[in-house]
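One chain comes next, on its own, written as structure tokens: the form predicted alone.
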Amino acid sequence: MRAVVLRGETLGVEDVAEPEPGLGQVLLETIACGICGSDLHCARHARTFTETARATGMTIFDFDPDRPLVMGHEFSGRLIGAGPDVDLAALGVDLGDAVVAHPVVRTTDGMRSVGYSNAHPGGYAQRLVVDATGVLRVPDGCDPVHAALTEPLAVGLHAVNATSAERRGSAIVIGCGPVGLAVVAALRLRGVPLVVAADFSPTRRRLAAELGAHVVVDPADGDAVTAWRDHGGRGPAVLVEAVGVPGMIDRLVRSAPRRSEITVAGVCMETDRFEPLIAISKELSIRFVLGWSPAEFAASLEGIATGMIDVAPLITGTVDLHGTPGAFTTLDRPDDHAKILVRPNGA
């Protein structure tokens, strides 16, 4: 089959071995797969990515950066095969169904992340194998292309669930890239009445407004915390950092009101620093979040299927396999796109 393969820091389309479902696994034909910020980081910093995974015990993301890698973990697919022990009826799915799935496989060495394993190609391939227990049927009437955004939206929902935004009735989202926009959508799904979103990009500010932000701020013209206060925000604030660049946590520590909480969802691949004394003096809470739970994954699919989250504005481009390397370059320019989907088998 054909796939986009990462070798070093270079992406190219190659022929790779056909995956075969083993015990407890199913085979999917990829419908669509989103390009994630983590994939952009991995393409530039693969060695740092794996070294961090090993140092923190996250073996699920452990791969050999000197060997070929097929990324892609935000996908929807068509169920076309199953391992000999898989009971599809018990899972509520059948061959031919459009599905989404947790991007993981179980191996004798433990769980491995599809798309971050040399042995388990991800959604930038025409077909992929995943663990059967994480498969969810895409509900009737739901566009399976839209369903490919289930995984990134689950990341946003996980971040929101880690905050007290619902109880406090407001949140400030710093950064409106894919993670920040997913957080905005999740805040809307949770019915938070005041959401302030900040980003330098007018395109991303517009998307944040379409996804549910009540107030959007250009940091070049104003401060997000000030805008939050101007629109009724009082007391401690709930801030979500979704930028992932050095210095951002320090800026939020300095600007946050006393006893605020900062939830860090942005992935910074470099060493960072902030002033603990300022955070201590303000009695701030700082939390870091990663991934999602199975319940959050299912809730995100339901939000898309019911129309509670309109993901259509997020999809700003689609490419085939050959267009994928160029899409990675394009996504370095935030004014051009939010989410580009790869369609390995065509539209």
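Start at 1 and count along the sequence shown; that's the residue number. Since this is a predicted model, take the numbers as computed values, not measurements.
There is another form of the same protein, the form predicted together with another copy of the chain; it is not shown, and what comes next is about it.
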**Prompt:** Are all three residues T10, I31 and A46 in contact with another copy of the chain in the predicted complex, where contact means a non-hydrogen atom within 4.5 Å?
**Reply:** no
**Prompt:** Given that another copy of the chain is left out here, which of V319, V289, A299, C36 has a heavy atom within 4.5 Å of it in the predicted complex?
**Reply:** V289
**Fill in**
Answer key: of L79, V86, I249, V225, within 4.5 Å of another copy of the chain in the predicted complex (heavy atoms) is I249
**Asked** Taking the partner as it appears in the predicted complex, which of 22 to 30, 62 to 70, 276 to 284, 308 to 316 has residues with heavy atoms within 4.5 Å of another copy of the chain?
**Response** 276 to 284
**another copy of the chain contact at G134 in the predicted complex, heavy atom, 4.5 Å** = no
**Message:** At 4.5 Å between heavy atoms, is V129 in contact with another copy of the chain in the predicted complex?
**Reply:** no
**Message:** With the partner left out here, check for me: in the predicted complex, does some heavy atom of A295 sit within 4.5 Å of another copy of the chain?
**Reply:** no
**Prompt:** Even though another copy of the chain is not shown here, does H158 get within 4.5 Å of it in the predicted complex, heavy atoms only?
**Reply:** yes
